[in-house]
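As structure tokens, one chain now follows by itself in the form predicted alone.
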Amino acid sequence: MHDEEVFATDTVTCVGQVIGVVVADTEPAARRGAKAVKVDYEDLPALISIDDAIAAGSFYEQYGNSLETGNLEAGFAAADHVLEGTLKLGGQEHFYLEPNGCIVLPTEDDEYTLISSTQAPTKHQIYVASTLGVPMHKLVCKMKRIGGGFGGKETRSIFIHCAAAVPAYHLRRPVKAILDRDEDMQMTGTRHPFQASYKVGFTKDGRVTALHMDLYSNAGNSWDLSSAVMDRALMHSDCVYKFPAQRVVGHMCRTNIASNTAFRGFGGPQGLIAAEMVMERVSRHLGKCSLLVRQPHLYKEGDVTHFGMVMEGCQVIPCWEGAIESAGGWQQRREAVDAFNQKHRWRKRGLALTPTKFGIAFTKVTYNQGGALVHVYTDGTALVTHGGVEMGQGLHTKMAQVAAHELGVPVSKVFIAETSTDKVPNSSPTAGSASTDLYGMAVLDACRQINERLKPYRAQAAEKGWSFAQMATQAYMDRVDLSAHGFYATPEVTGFGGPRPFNYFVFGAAVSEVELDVLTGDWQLLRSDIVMDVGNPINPAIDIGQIEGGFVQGMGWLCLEEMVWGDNAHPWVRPGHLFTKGPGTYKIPTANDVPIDFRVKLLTNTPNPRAVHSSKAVGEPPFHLGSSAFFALKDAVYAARAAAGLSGWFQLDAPATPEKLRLACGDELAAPYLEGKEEGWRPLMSC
């Protein structure tokens, strides 16, 4: 959707939108020049929150996707209970170590090189070439590695590259643009805040008969990737539960904040936790154990999802049972938590289990392709270039392992070259957890082409005792091509609306226990047990690290990281401005927030025939498991409320900050603030 300008011409639609660029020989001089510019603005009505957009009817009307299965009318008619409610989920700042930046180098004959911090080199090549009016073959985008991305450098770094490319074009000099942290946070967007309005019907024994959801996302001031994010949220709004009748409708809200964008999970976590929150309310309404309510709904092999995909290789139940076993048994842990809570008035513990199911594939079918270039040299070493971007997730390491295994050489003999659009063209973004699948298969394809050419020489090598280097040298002497371009396109995937939008699913489950200080809202994550289905892992150490990191980042989104905008709820913040635009006001998880006892197990004997070396993707699927900390905190608050004489379900929106937790405990100390006289004192919950 081409709805953004490099430099705003007539109307600025959010704080942080670029209206021009000042270029100087030094950064201090450039900043002095930018501060010297005086701009006259006419204030226009602004919409900041989802509530603002809904009230004003401000939506991206081109989007209208929804999913439905079963007979909702019959489902609600068969229900003993029908509940309605609204859930709110905050945004999340990517907070990568390296802020967005680029260097644009003009050379002779209208050629340009972009040294970029991006997850999508081809997208940046396309848009910078379009901005400058030069053909794509005159512009190369490259990077060796980047300092983190989490989705934030897929599209929201494009406007920075384009802005830097304009002066490079006119001045014929290299131009570097690096954002400060506060600029990056104000300008480049976040995870989409979501709001889910639901109506659920269920029987007295806890079986859900019908579920309707309206999902609203705060898309910001441009389209960006918001439609694909919403599509994935719609397809994950069942979590791991089979509902006989379900309808889910997506709405993209047009607001006046920086355009929100991809973030680890890409809408999946927003859909997953909405389903979990509904199931938690059903179980609390009935006064039943949440596990007993949820377990009968778990997907089984052969079940069909609400978007029409058949469950193949379903590992929901093994992960669910494995997490309980790793945790030492649910009943025993539950009794220990209850016993602790009986003895302590101002410290309460909570326990929760959260499962997950995450689909792997781009929902835009075109992107399910990858390329690689492999060179074998006469000294027995190999140079591999692929279309993926290394940003700390271990992609280069896995590609080296794939090549080494296929060529039959040590990993030390394989080197991964920088990612560059002149080596592997038309690459897909490094996103969606699909890069190992795509580029691993492309590397495999290239290596197999070379192996086919080396087949006669391997027979000689076995007879004569040649090393791989001697074999490669002999092949070179015989004028055999030792270079190959590999390619892979994921088979059968159909995209959103088709019977197979995903190549496969990744499954997992986590049990977490927390301890809450009722007097302050402070808490500790005492223990987390995770069981994850990652097929036959290429590198278990990397995968476990990704599971741990994804879990903690998901916990941060739901329990710590609060974004504060200048809107109706925060009149003390300058209108339209992001207040939490640095580590002084925006708090991400630190070492003290990691579970004190952290146990991760990989499900064994679950090969995945639909990916390289029977592995599975691992980057995004574990993110949702961090919600087990959120629900454990809510469980602890229930115990605190019971001690204060309060019973029944209560709403707790995310993030569950210490302030919200403290107020939700509802004791005599918090009571005066629950119905504060000033609007700003009211908690974002209904008690």
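Since we're looking at a predicted model, the values are computed, not measured. One rule holds for the numbers: they count along the sequence shown, beginning at 1.
One more form of this protein exists, namely the form predicted in complex with a small molecule; it is left out here, but the text below deals with it.
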Exercise. Would residue 156 show up as a contact with the small molecule in the model of the complex if we use heavy atoms at 4.5 Å?
Worked result: no
Exercise. Heavy atoms within 4.5 Å of the small molecule in the model of the complex: does residue 380 have any?
Worked result: no
Problem set entry | Contact label in the model of the complex: residue 195 to the small molecule, heavy atom within 4.5 Å | no
Exercise. Does the small molecule come within 4.5 Å of any heavy atom of residue 161 in the model of the complex?
Worked result: no
Seminar exercise, completed: TL;DR on 484-492, 557-565, 425-433, 339-347: the one with heavy atoms within 4.5 Å of the small molecule in the model of the complex is 425-433
For this session: Let me know the one among 456, 582, 318, 148 whose heavy atoms come within 4.5 Å of the small molecule in the model of the complex, would you?
Result: 148
Problem set entry | Among the candidates 311, 279, 450, 395, the residue which, in the model of the complex, approaches the small molecule to within 4.5 Å (heavy atoms) | 395
